[in-house]
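Below, in structure tokens: the form predicted on its own, a single chain.
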Amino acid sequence: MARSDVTKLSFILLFAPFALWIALLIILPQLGIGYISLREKVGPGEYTFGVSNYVAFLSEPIYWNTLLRTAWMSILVTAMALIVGFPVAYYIAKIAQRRSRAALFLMCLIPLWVSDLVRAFGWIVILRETGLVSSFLQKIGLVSGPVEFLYNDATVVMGLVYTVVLFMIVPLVSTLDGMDNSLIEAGYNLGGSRFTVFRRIVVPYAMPGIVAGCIIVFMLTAGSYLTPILLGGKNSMWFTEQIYEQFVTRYNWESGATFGVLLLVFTSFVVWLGLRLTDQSLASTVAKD
């Protein structure tokens, strides 16, 4: 067998599992959801095709208000994750000694070994009325009785930031690690202040990592279910809860599929808009060398 044939066969064998994973677990389910969303029930077991499910969504303010609220909260979580994660990533990539970088990076990844459910219940143990924070405040005399820190937007945002900040740190570390330190030194030698060097050199170089991290964090946050429900309770008003209610509680698969398609389209639009505003592309972020 010729060397070129061996190379092609090796590529096919390596790429086939990835292609099957994409086709069977992403493309086909999305096509199925899109197909179901276009079905209109006209009788028991009888369906026709149309856009009435989408019209019903737009005619119900609580649904699209929840979608817009979820998008706004996801953007807020993304911004806070960037604010928290950038200094950590910069320290790991440019300040920490080379020996300790791997250990610090591993410490950032350790929380990923625990499921979202366990992490959410950890926050519940800390923030509930009889939790650690409330008990500590009572013990030092700052409050006279139990304080409930759960079931509000601030707690949901905090829990989501803790959950997704690791996905912001990873691409930032990968990008900043490739920046030559001489660029920063040149900025200082030319009279630039710390803020100027950060704004004119560090941020532009790290922009592909920033955009990649923001895309990952935003999509994960908008599609999150456990953390908003457990930490926000009945006041969470998260769009994934509406999808769950349509599929499981009401057993209305047509509306649930419609909500799922709209969530995907809307979040994709936000990502596209963010790429346009930052003058970036997927090729320069996700596929950056």
Partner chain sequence: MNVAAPQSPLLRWVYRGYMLAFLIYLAAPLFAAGMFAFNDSMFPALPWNGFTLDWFFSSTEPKIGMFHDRRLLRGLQNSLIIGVAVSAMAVAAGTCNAFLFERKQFPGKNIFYILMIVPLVIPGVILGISLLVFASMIANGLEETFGIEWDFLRPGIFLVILGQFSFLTTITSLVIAARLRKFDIALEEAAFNLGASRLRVLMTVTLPYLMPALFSAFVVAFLVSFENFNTTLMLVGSDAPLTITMYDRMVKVGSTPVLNAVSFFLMVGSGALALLSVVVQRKDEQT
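Think of the rigid core as the biggest set of C-alphas that the two forms share within 1.5 Å after superposition. Numbering follows the first chain given and starts at 1. Since the structure is predicted, the reported quantities are computational estimates derived from the model, not experimental observations.
Not on display, but discussed next: the form predicted together with the partner chain.
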Open item on the list: Contact with the partner chain in the predicted complex for F15, defined as at least one heavy atom pair within 4.5 Å: yes or no?
Closed with: yes
Open item on the list: Whether Y188 contacts the partner chain in the predicted complex should be assessed with a 4.5 Å heavy atom distance threshold; does it?
Closed with: yes
Open item on the list: Check G50 for me: does it contact the partner chain in the predicted complex (non-hydrogen atoms, 4.5 angstroms)?
Closed with: no
Open item on the list: Residue-level question: is V143 within 4.5 Å of the partner chain in the predicted complex, judged on heavy atoms?
Closed with: no
Task: Proximity to the partner chain in the predicted complex, single hit among V170, L137, A79, I184 (heavy atom within 4.5 Å) - done: I184
Task: Residues of 93-109 having any heavy atom within 4.5 Å of the partner chain in the predicted complex, listed in sequence order - done: K94, I95, A102, L104, L106, M107, C108
Open item on the list: I want to check L13: does it shift between the shown form and the other one by 2 Å or more at the Cα, with the core superposed?
Closed with: yes
